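First comes one chain, alone, set out as structure tokens in the form predicted alone.
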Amino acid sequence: MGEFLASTWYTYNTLLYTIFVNGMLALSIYLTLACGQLSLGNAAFMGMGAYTAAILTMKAGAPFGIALIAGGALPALVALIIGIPTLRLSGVYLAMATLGFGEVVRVAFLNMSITGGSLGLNGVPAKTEFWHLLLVMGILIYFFVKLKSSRFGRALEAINEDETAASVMGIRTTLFKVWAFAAGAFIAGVAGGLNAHFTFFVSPREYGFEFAVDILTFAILGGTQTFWGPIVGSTILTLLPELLRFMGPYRLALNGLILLFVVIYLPNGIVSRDTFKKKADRG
């Protein structure tokens, strides 16, 4: 029995780690979606966190905890700086602005010697343990549970419902949106640091447009009416390629059909407020 459990863990531990990291990324974009903002910069923030944490542990010998905090703090600071001008935009214009920012970051990674250029960073020390992921995810879930009933959470909900009305009511909409943007960047940066220290490798190719869309898909599939939705969506999309492995080259097609089905028949995502209302009514 012990050998079976050890073998199973050895086979699937990377998948389990990835589920937790993708869940964090889904929560990072949920914060901006929660106030009605469509951002595609979270992959770039993850990359910044991954490189920052990896460089600190590899070249400066920093403790892992300090490296993770720095990996979250740098993208959060950058988000504060770029958020003030960009978050005055909305809809597709904000998406284009943050996508452009992501491409600038990716090109910078490709051309900086400290990041290893196009080769990336190899030999990142194996620092991430499963309890790290459990601890960070536990803290995030506690944060989002408390957020719902906080002044900050109510302000984000009001902005999402009607930004003009929220502004008339005295809510400083740009300020709240910038702080939500920065908090999401911090979460994405920490997720990047954790990811770098269990994959042992950081490459600029991992943080481009395709992955930015993947992070958005996590949230859209699960639903953005509650923070549980992005977690469910990211878990499903991380597991699907493994569960459909037996289909060989056809698994990507079926993956796409499943997504299409959800978008058409569950426009609010798999998890929505209606889901919780129905459960409450049955109870």
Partner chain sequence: MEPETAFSAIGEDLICIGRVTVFLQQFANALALGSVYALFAIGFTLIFGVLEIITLAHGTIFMVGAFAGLLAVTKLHLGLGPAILTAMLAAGTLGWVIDLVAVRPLRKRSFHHLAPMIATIGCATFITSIAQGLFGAEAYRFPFDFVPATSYTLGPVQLTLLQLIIIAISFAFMVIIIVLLHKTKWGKAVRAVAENRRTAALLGIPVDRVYQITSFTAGALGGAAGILTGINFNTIHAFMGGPMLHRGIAVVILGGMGDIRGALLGGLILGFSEIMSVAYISSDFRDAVSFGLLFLILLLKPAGIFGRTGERKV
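The structure presented is a predicted model; accordingly, all values stated were derived computationally and were not measured. The term rigid core refers to the maximal set of C-alpha atoms that superpose within 1.5 Å between the two forms. Positions refer to the first chain, counted from 1.
A second form of this protein, the form predicted together with its partner chain, is not displayed here; the remarks below concern that form.
**Q** Heavy atom within 4.5 Å of its partner chain in the predicted bound form: which of Leu74, Leu147, Met137, Ile82?
**A** Comparing distances to its partner chain in the predicted bound form, the residue within 4.5 Å is Ile82.
**Q** Just to confirm, with a 4.5 Å cut-off on non-hydrogen atoms, which of Leu243, Leu257, Ile66, Ala60 contacts its partner chain in the predicted bound form?
**A** So the residue touching its partner chain in the predicted bound form, by this definition, is Leu257.
**Q** So if I measure heavy atom distances to its partner chain in the predicted bound form, which of the stretches 137-145, 124-132, 150-158, 103-111 falls within 4.5 Å?
**A** This holds for exactly one stretch, 103-111.
**Q** Tell me, yes or no, whether Ile231 is in contact with its partner chain in the predicted bound form, where a contact means a heavy atom of each within 4.5 Å.
**A** Ile231 lies outside the contact set for its partner chain.
**Q** So in the predicted bound form, does any heavy atom of Gly91 sit within 4.5 Å of its partner chain?
**A** Contact with its partner chain, yes.
**Q** May I ask you to state whether Leu239 is within 4.5 Å of its partner chain in the predicted bound form, using heavy atom distances?
**A** No, Leu239 sits far enough from its partner chain in the predicted bound form that none of its heavy atoms falls within 4.5 Å.
**Q** So, Ala97 and its partner chain: in the predicted bound form, are they within 4.5 Å at any heavy atom pair?
**A** Ala97 belongs to the contact set for its partner chain.
**Q** Is Ile19 displaced by at least 2 Å at its C-alpha between this form and the one not shown when the rigid core is overlaid?
**A** No, the C-alpha moves less than 2 Å.
**Q** Relative to what we see here, could you say if Glu206 and Ser90 have their Cα atoms closer or farther apart in the predicted bound form, with a change of 3 Å or more?
**A** It is farther: in the predicted bound form, the C-alpha atoms of Glu206 and Ser90 lie at least 3 Å more apart than they do here.
**Q** Since the Cα separation of Tyr207 and Ser90 moves by 3 Å or more in the predicted bound form, tell me which way: closer or farther than here.
**A** Result: farther.
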